[in-house]
Ligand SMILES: Cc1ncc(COP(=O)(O)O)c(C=O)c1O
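Quick setup: one chain, the form predicted on its own, written in structure tokens, and binding and motion questions come after.
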Amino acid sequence: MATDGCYGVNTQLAHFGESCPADGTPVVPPIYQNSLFTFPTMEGLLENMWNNPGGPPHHYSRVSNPSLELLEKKLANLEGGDACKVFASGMTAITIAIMNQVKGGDHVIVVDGCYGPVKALLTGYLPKYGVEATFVDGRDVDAIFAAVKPNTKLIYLESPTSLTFRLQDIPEVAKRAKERGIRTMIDATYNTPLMMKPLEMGIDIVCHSCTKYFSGHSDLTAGAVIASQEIIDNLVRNEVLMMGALLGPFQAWLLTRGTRTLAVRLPQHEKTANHVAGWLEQQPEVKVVHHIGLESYAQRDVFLKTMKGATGLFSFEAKDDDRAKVMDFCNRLQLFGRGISWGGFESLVVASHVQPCDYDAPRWFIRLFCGLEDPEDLIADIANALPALR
């Protein structure tokens, strides 16, 4: 099919990067479930290994594979980036991307409330190699740049943050960072490119946990890094060649399948979450609902500036911040499974004791993910559990 961008997003999700079917051509691309690829000549193999390790043509599935290549083309096209690499999990993608950008003696600025394992990476692991990190309230652009040091090499964003659902003014952060020669990176898993395009706002590197909405079926783990061709080529020649950790061909095939229905599923998640969150904020047991799709959301102006819509994930705080009551509420739910992750067909709940910023007191956040069930059934399930919070 044509790839000049004249098609709508649903058509691109269904067909981008694939040849037009002819008689007898399979409508679903095959899985290249092989570890290596042979070449007609030794000279051709060696030339490919040294000068074109990321393929195509491909020589080793630890570095590249046709099943991954198709998926990477689709994700890069959807995000508006030059290139993409897909990995075995979202955390793998984030870790490799950060390690590609920093070295011993460098400094990273990170938004408070980022995904817990990312915080652990930057506070417990990378400091062993001389990388330091400063955590800031990402809602305040001035606070972000007040933390800049002479050795600051990377600003890491997550908008909204994982449990507290705080946003950052992405275009302003990107603009100021470029003026200072600092790279910017964002975890945009919550939004997907259907709701937000960070690269168009000036961000350098976008990461996704494709385990979530891109998959949509809770049957795989995967991650993606999308950026300029220069950044991805550097990533391939360094971290990918050294660490591997790419997605397997079968998982890539499953993920390609999942992307085909992304634009159909995501509006349903958004519609359901907006309805459930709007009902929930009216309940007497609830102190505040943190959902970027609500008109009452505190950073409504930033939401409207940076995003086209919300999705199915939000959190809330109960008026009675009591651990036993929070646990009882979660345990009473029948349709919301108690489990981490999100983005699939099933609704989920998880409770976390969080200190949003250094100056905040720790408190309980109850995160709800609205799957593809009927909204009224989800509301009834929550209503049956709410007495536990009284």
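So that there is no doubt, residue numbering starts at 1 and follows the sequence shown. These figures come from a predicted structure and were not determined experimentally.
Here the subject shifts to the form predicted together with this ligand, a form of this protein not shown in this document.
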| query | finding |
| --- | --- |
| Option from 74-82, 251-259, 158-166, 226-234 whose residues, in the predicted bound form, bring a heavy atom within 4.5 Å of this ligand | 158-166 |
| Heavy atom of Gly293 within 4.5 Å of this ligand in the predicted bound form | no |
| Any non-hydrogen atom of Ser89 within 4.5 angstroms of this ligand in the predicted bound form | yes |
| Interface membership of Leu246, this ligand in the predicted bound form, 4.5 Å heavy atom rule | no |
| Exercise: Ala97 in contact with this ligand in the predicted bound form, heavy atom 4.5 Å | no |
| Check all three, Asp187, Ser209 and Trp342, heavy atom within 4.5 Å of this ligand in the predicted bound form | yes |
| One residue of Ala310, Ala222, Ile170, Val111 in contact with this ligand, assessed in the predicted bound form (non-hydrogen atom, 4.5 angstroms) | Ala222 |
| Contact set, 119-143 vs this ligand in the predicted bound form - heavy atom within 4.5 angstroms | none |
